[in-house]
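A lone chain, given as structure tokens: the form predicted alone.
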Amino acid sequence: MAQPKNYGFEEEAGMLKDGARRFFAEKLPVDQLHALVADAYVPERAPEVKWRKELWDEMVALGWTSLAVPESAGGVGMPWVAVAALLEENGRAAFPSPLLTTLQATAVLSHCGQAGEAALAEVAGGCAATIAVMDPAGSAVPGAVKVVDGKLMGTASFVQDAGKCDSVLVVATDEGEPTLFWVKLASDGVEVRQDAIIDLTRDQARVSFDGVAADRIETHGAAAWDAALPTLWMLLSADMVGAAEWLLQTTVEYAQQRKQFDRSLGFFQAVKHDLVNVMIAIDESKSLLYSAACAIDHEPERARELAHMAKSSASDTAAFAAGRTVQMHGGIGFTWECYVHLYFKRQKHSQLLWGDAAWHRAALAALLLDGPSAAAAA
């Protein structure tokens, strides 16, 4: 099936995107975000979970956790291209919330058929969720957590926003096969240990399971996990593209206000060229992002290929836009008081999360040259 010319982006998606932008701008503008997560410079600070739970409750009331949940499980069942637009705004605001992880967990559960509907119904009702699958090396290969005598044992690393979530979708190994489990983070035997990370707008943890009795999602876990990966990559790419647009817009405004030799910075050709190069990089990443989201909705046989392209481009653009933004702000761009550093650190975290640009390009090459099985092993 060919992709629609507008990527399947309908009027409802546009209203969702506009509403989300207003919500984030009114509820947590960047000065309040800075005060919340970076109010004081404390190099030896302990890992903290800084967010406003009442704003998450408002997002749940707006129905955002149910957007990607199929109607059969009590959700709205909107296309993924609309969800991508929502996450663009989430990234533009660098919003501290479990929205990204909850939508990623939704993507995996949506590939489980009726077996995933009970968990999906919880998500639609406002349950914040995340995914536990990575080993200490950062590889998203099931094996960090195993099933021993019917219970979960082991430690998953790099679990995103675990300090904000109610439940975790665990990809555990049972007799050599990836199997999905739905676990309350408050269950006996679950321990959450926060990591110290550079991104002040997120939290990350190691989640240990010591004989935890969990709800098994009876399905072909390996197939569901593999089928959901393009959506996981695409959703993170959307957040990165939104953050890159904020960096560009903020730098353009700064270049119009800051003066050198009685002229605004934007007067100088070198500054103009840099800003245009950032804009071109963002446009490329955005086009690949929407192509990937559209493929997930309409052309699933191409979803993996386009999602690899979207994440590799978004990772490169994140590094390029954040680096140029700091440089064009001059000395103030390196200071704790400048808001730019919040986005610089968020982009650095996202750049490496779920595979950096080099990994995705290698996987794409293997997919195109050798087929899906070689890509999975890349």
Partner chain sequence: MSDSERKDTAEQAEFRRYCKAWIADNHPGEPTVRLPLSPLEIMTPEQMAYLQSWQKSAYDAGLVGCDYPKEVGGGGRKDCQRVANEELVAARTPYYPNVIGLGMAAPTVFHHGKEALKQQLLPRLFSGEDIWCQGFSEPGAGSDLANVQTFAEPKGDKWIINGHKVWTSLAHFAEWMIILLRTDKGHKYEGLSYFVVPIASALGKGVTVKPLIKMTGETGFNEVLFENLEVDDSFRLDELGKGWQVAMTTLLHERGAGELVTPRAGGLKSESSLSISSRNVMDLATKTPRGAQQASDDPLLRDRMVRQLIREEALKEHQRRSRVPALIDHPMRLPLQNKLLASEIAQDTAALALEVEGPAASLYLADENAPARGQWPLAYMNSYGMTIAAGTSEIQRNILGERVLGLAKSK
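Numbering follows the first chain given and starts at 1. On a predicted model such as this, the values are computed, not experimentally measured, just so you know.
There is another form of this protein, the form predicted together with its partner chain, and it is not shown here; the text below is about that form.
Using a 4.5 angstroms threshold between heavy atoms, Ala25 stays clear of its partner chain in the model of the complex.
Contact annotation: Glu12 falls outside 4.5 Å of its partner chain in the model of the complex, judged by heavy atom distances. Its partner chain in the model of the complex is not approached by Arg216, whose heavy atoms all lie more than 4.5 angstroms from it. Residue contact with its partner chain in the model of the complex: Glu284 places a heavy atom within 4.5 Å of it.
Here is the short version: of Ala223, Ala137, Ile280, Ala196, the single residue with a heavy atom within 4.5 Å of its partner chain in the model of the complex is Ile280.
Val276 is the sole member of Val148, Val276, Ala186, Ala118 with a non-hydrogen atom lying within 4.5 angstroms of its partner chain in the model of the complex. Not one of Ala46, Val141 and Val207 comes within 4.5 Å of its partner chain in the model of the complex, counting any heavy atom. Residues of just one listed stretch (149 to 157, 169 to 177, 241 to 249, 123 to 131) have heavy atoms within 4.5 Å of its partner chain in the model of the complex: 241 to 249. Contacts between stretch 291 to 310 and its partner chain, counted in the model of the complex as any heavy atom lying within 4.5 Å, involve Ser291, Cys294, Arg302, Glu305, Leu306, Met309, listed in sequence order.
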